[in-house]
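This document starts with one chain, in the form predicted on its own, laid out as structure tokens.
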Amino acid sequence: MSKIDNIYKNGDFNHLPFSFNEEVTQVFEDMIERSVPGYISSLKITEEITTKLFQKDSNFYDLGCSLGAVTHQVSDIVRTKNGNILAVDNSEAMIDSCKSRIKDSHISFILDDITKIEIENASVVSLNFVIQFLEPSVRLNFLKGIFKGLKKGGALLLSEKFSFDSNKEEETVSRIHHSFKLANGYSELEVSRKRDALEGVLISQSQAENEGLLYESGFSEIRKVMKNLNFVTFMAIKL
């Protein structure tokens, strides 16, 4: 069970910039549920879409798998269709935790850079709040590689934090998101410290920019399946 996220609470805090290290791994489940509105819903949407679109004898890729929440959510679906899950993350602490918590012969946890993984025989690929942590310059080629490795009728599920073109709208939604985190038990100091830690590490784009990347990478059918404050989930189908 995840520990309570108190990383940014202690007075001796000096962990800049943010990274998915052992300390974050221990509290990650609590951290993301208290920080990302609609996170649990994004997992359920992934499950529903995987049920409909996962193809027999194919692969499911959970890229940037962190603690394997997506993998766990779709595991039974993939197993019943004789498929395999390849869950990839570049955090050794995350992968080690996954391997100790989730043991199943059809799941492979892989310690690697997700931008270097070759996608093969995939019918569903999940990027659950991951692209935002990649350098913008590598995002398009990365998505092109996913498109290439998807089977016809396969889907990419992309969940992201996004920014607004309008400063007024950005400020309004940011205030609501700030209140969401306070309501979930974080203090003003914790929210401020984490925001500073994420500066330059989490680089969000607008909804239009995310959609543009998906179209440019080859997808022609893109649907917005969930939006919650400044978080969105896209389903991109390879026709």
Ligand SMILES: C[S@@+](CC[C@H](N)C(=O)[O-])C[C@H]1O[C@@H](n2cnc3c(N)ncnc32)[C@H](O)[C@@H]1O
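Numbering starts at 1 and follows the sequence shown. Here the structure is a predicted model, which is why all the values come from computation and not from measurement.
The next section is about a form of this same protein that is not shown, the form predicted together with the named molecule.
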Just give me the single entry in S123, N128, S97, S75 that has a non-hydrogen atom within 4.5 angstroms of the named molecule in the model of the complex.
N128
Considering the named molecule in the model of the complex, which of L157, I114, I107, I119 comes within 4.5 Å of it through any heavy atom?
I114
Contact stretch among 97-105, 144-152, 164-172, 82-90 - heavy atom within 4.5 Å of the named molecule in the model of the complex:
82-90
Partner proximity in the model of the complex: Y186 to the named molecule, non-hydrogen atom cutoff 4.5 Å
no
Please determine whether F28 contacts the named molecule in the model of the complex, using a 4.5 Å cut-off between heavy atoms.
yes
Within a 4.5 Å heavy atom cut-off, is I49 in contact with the named molecule in the model of the complex?
no
Given that the named molecule is not shown alongside this chain, does Y39 nevertheless sit within 4.5 Å of it in the model of the complex, heavy atom to heavy atom?
yes
Out of 141-176, which residues reach within 4.5 Å of the named molecule in the model of the complex, heavy atoms considered?
none
